[in-house]
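Encoded as structure tokens, the following chain is the form predicted on its own, with no partner shown.
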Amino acid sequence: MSNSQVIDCDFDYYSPKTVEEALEYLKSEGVKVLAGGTDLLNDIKTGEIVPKALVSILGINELDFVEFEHGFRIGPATLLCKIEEDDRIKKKYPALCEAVNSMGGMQIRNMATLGGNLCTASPGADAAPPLIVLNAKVEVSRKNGRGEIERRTLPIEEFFTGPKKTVLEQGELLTSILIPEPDASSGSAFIKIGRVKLDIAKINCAVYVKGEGDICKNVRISLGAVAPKPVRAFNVEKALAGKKLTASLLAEAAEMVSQDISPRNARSTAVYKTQAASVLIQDTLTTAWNRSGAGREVKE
């Protein structure tokens, strides 16, 4: 049996100061990126991961930033505590702040990074659903054969490929997360259910909604821990878009989530997760709708 308190393997450790230097180390097989280490170190202790080397990115200033210009751009090495304390993020992207605030205790958020939460690629990763509904994109960098840095950008929905799997290939590094400016008359929200307040999600949900009067003009819904990777509730979205938002319509549409998810009996039964998903969508969308405009509420 593995001892979860002891690192029982040898590996090299690198602490680069630039993205270029980090990418050079990442070319080698068996090299893992270390950010806050709140997930990776536990996997190493239990023997789930046996790295040949770790490359720490916390000392790379190019990866630790928060910028607001034509939207919001954030570095993958940015600590979660910086995100939850930023009033600009709280105001424009409340769903992301609520997700970050739900991740463990203060000790975890003082060490963990946004990029680490995404690259761990847990099906229930709390940062994924809000970034998905906020139409975020990720920038991935690598060195080409000439030693030049190449970058590609893709929607964050395409970043996850399965449980603990992403599109990142050997030699690649997540270098930026980009979130567009939210539309006027829009709101977002995030809610999760865990066994206790600071626990990993049994199920989580994020919603972005844009209103026009009492019409739900546009809505995006994403859930975690209900499929091999975070998913959109497309059937629910289709049932709500362009219609007058009422409690009865919302309840009816939320039931369609069973067509969008494929939960397993993990941390709760699949039956429970399907039932909880419907309720969670209603609660999260109601909060987002209230935030989308003064006096806006879901009417009977």
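The model shown is predicted, which means the values in this text are computed figures rather than measured ones. Don't overthink the numbering: it's just position in the shown sequence, from 1.
One more form of this protein, predicted together with a small molecule, exists but is not displayed; see below.
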Next item on the list: Indicate whether E181 is a 4.5 Å heavy atom neighbour of the small molecule in the model of the complex.
Entry: no
Check: Is there a non-hydrogen atom of P263 within 4.5 angstroms of a non-hydrogen atom of the small molecule in the model of the complex?
Finding: no
Item checked: Contact label in the model of the complex: G211 to the small molecule, heavy atom within 4.5 Å -> no
Margin query: Test of understanding: in the model of the complex, would S268 fall inside 4.5 Å of the small molecule by heavy atoms?
Written below: no
Next item on the list: Counting non-hydrogen atoms within 4.5 angstroms of the small molecule in the model of the complex, say which of I89, L168, A227, C81 makes the cut.
Entry: L168
Margin query: Please identify the residue among P94, G71, G194, G124 with any heavy atom within 4.5 Å of the small molecule in the model of the complex.
Written below: G124
Notebook entry, point to check: the small molecule isn't shown here, but in the model of the complex, which of 199 to 207, 216 to 224, 150 to 158, 130 to 138 has heavy atoms within 4.5 Å of it?
Noted result: 199 to 207
Next item on the list: Kindly indicate whether G36, L40 and I108 are, all three, within 4.5 angstroms of the small molecule in the model of the complex, using heavy atoms.
Entry: yes
